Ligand SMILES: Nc1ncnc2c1ncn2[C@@H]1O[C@H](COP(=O)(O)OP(=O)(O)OP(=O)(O)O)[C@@H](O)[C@H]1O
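The chain below stands alone and is given as structure tokens, in the form predicted on its own.
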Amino acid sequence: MSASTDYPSFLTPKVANENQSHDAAIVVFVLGGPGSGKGTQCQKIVEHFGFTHLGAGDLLQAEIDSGSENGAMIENFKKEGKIVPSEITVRLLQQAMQQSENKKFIIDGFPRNEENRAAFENIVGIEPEFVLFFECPEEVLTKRILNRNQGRVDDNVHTIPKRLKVYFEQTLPVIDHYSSKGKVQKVDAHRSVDEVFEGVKSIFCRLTK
């Protein structure tokens, strides 16, 4: 795989280690609307099944917080209201996978759209073992977001419907793609945390042996 010259060196994979890092890797994408409980359930999956939890947003923010030139580039995309190119996000995920001694990964909130999905499969060269999709009615998601009080400026009654609309418009094509391959495992997230995790456990016990 040749590296693009349009991106900084930290985004270029170490080819010698690439196959070694990915041959036995198990990747599970975790998707669901904001407020569906992905973060809480990912913590439980890590504790019970030994997966490493990767969040695309967390990796981008960590690069920004590092104060590096590369982080400044990512921050500029955000300041200008531009979406960070899929290749940059995927390279960060790939780098995190290569640097981990674990071979089992849950990737939270990714891919958000078809471009993300295609970039991940093309660059990393693997498909997910399955996609864990937390289904929850829009009115429940809205109530949870309003009640969680995380201090986000977009956690308000005016912006939440727009966020949910954009999320589902972009993400449902990803769900449809993997559904056509029999790779989507849906979980009813309109329940208590423990009840949801019972459903999650049965899926992981069955599909990640």
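We number the residues from 1 along the sequence you see. All values derive from a computational prediction rather than experimental measurement.
Just so it is clear, the following notes concern the form predicted in complex with the named molecule, a form of the same protein that is not shown.
Residue in contact with the named molecule in the predicted bound form (any heavy atom within 4.5 Å), chosen from Ser68, Thr40, Thr52, Gln170: Thr40. Taken together, Arg144, Arg148 and Val196 are fully in contact with the named molecule in the predicted bound form: each brings a heavy atom within 4.5 Å. At the 4.5 Å threshold, heavy atoms of Lys201 stay clear of the named molecule in the predicted bound form, well away from it. Though the partner is left out of this view, Arg191 does reach within 4.5 Å of the named molecule in the predicted bound form, counting heavy atoms only.
The single residue of 160-174 lying near the named molecule in the predicted bound form is Arg163, the criterion being any heavy atom within 4.5 Å.
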